[in-house]
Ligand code: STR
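Before any questions on binding or motion, here is one chain by itself as structure tokens, the form predicted alone.
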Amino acid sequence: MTCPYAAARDAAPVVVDPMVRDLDGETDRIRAAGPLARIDLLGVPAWAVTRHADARRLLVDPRLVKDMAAWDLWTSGAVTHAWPLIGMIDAGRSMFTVDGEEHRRLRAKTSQALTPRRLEAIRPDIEKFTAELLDALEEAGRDGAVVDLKSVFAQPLPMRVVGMLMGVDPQANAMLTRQYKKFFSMLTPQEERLALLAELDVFYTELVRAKTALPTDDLTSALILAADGGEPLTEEEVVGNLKAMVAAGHETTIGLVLNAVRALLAHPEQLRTVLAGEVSWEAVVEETLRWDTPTTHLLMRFATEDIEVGDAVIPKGEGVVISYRAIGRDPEQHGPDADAFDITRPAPNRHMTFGHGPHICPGAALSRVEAGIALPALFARFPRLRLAVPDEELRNLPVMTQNDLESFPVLLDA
């Protein structure tokens, strides 16, 4: 692959593989490059933060902003919309792309709609969806048939939940799943990816206009209606929030559920411990989030002035990536055994997989609730669940920002 924007500074950058063929090895190489690693993202240079303490500080540093006007490669024209990852940065006006007071205004209504009380109120719906999908899983796996846990269970569950929250017609869930899969895949031609974004804009614009005319009890209507007499969001802002939230709201949970199942099957003694009630499912969820993060690299923030990170400096105008997979295995934060999966860790698991500071993921609590329902229900129904292939044969999809498995073939032995 050519590197039209290559501009490595001192050391040769770690090239992030768009095909994600060796995620563990790549994570090790980025960590070994230091607290601030130079990386190459499809020819575009950036800095990757690899340590927990540095990330925690930088995620609240006002000198790092989401505004692409601060990115030299963008303002100079070196990076354009031809770059396949541009849609992860230039995703329209939403709470994910602005800072400060504007960010607070755009985020406020989402936070109001995803309160602990609201999440508890939808718990019966999540349990119902889970039971229905487990029935489908059992039917697909009858008579010893191999069944894909991802496509039958882990993928449709969070899409159903986030669709219900947004007021999306359930018949649109399959279409949205396909669209987002193509959007994230590095195998999708950039012209097609840009067309997908335009199609999603049309879909969400039509949804927003329908909810504007006839509001209902859902997050889309809450985003449209002014809160406490405040300034209402524009149509573009509501669409931007919805487009990004549906993406984040289902992708993260897919990875969390599959990574937890994979880790437990690879550590049967820990699976026995949790099934015996000696360790909580909450501990399983948190250790999975730390050790096998659903998000690998979060793109991107830009330095408005030189920022020191240890002995290195992020120069003004350059892009910064938070490498959550590297951070989750930081021994300075999680101890010398940070590379080990251990649900019995004695200390509180203070990871940052859902971010930190003003831009912390607004759907973090929802993802935890979904996984906290789905995982125990899955193993209660199928206690002898096992992989149908050796673990080393599992493959990642070509997605540079998520730890997204291609499939997860299992045998149920119900």
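Residue numbers run from 1 along the displayed sequence. Just so it is clear, the structure is predicted and the values come from calculations on it, not from any experiment.
Keep in mind that the form predicted together with ligand STR is missing from the display, and what follows is about it.
Which one of these stretches, 179-187, 134-142, 156-164, 107-115, sits within 4.5 Å of ligand STR in the predicted complex when only heavy atoms are counted?
In the other structure, the partner sits against 179-187.
Proximity to ligand STR in the predicted complex, single hit among 265, 224, 298, 119 (heavy atom within 4.5 Å):
So the residue touching ligand STR in the predicted complex, by this definition, is 298.
Please identify the residue among 98, 303, 285, 248 with any heavy atom within 4.5 Å of ligand STR in the predicted complex.
Selected residue: 248.
Taking heavy atoms only, is residue 323 within 4.5 angstroms of ligand STR in the predicted complex?
So residue 323 does not count as contacting ligand STR.
4.5 Å heavy atom contact, residue 328 and ligand STR in the predicted complex:
It does not: once ligand STR is placed as it appears in the predicted complex, residue 328 has no heavy atom within 4.5 Å of it.
May I ask you to state whether residue 84 is within 4.5 Å of ligand STR in the predicted complex, using heavy atom distances?
Looking in the predicted complex, residue contacts with ligand STR do not include residue 84, since no heavy atom lies within 4.5 Å.
Considering only heavy atoms, tell me if residue 88 and ligand STR come within 4.5 Å of each other in the predicted complex.
Judged by the heavy-atom cut-off of 4.5 Å, residue 88 is in contact with ligand STR in the predicted complex.
Can you name the residues of 231-256 that have a heavy atom within 4.5 Å of ligand STR in the predicted complex?
243, 244, 247, 248, 252, in sequence order.
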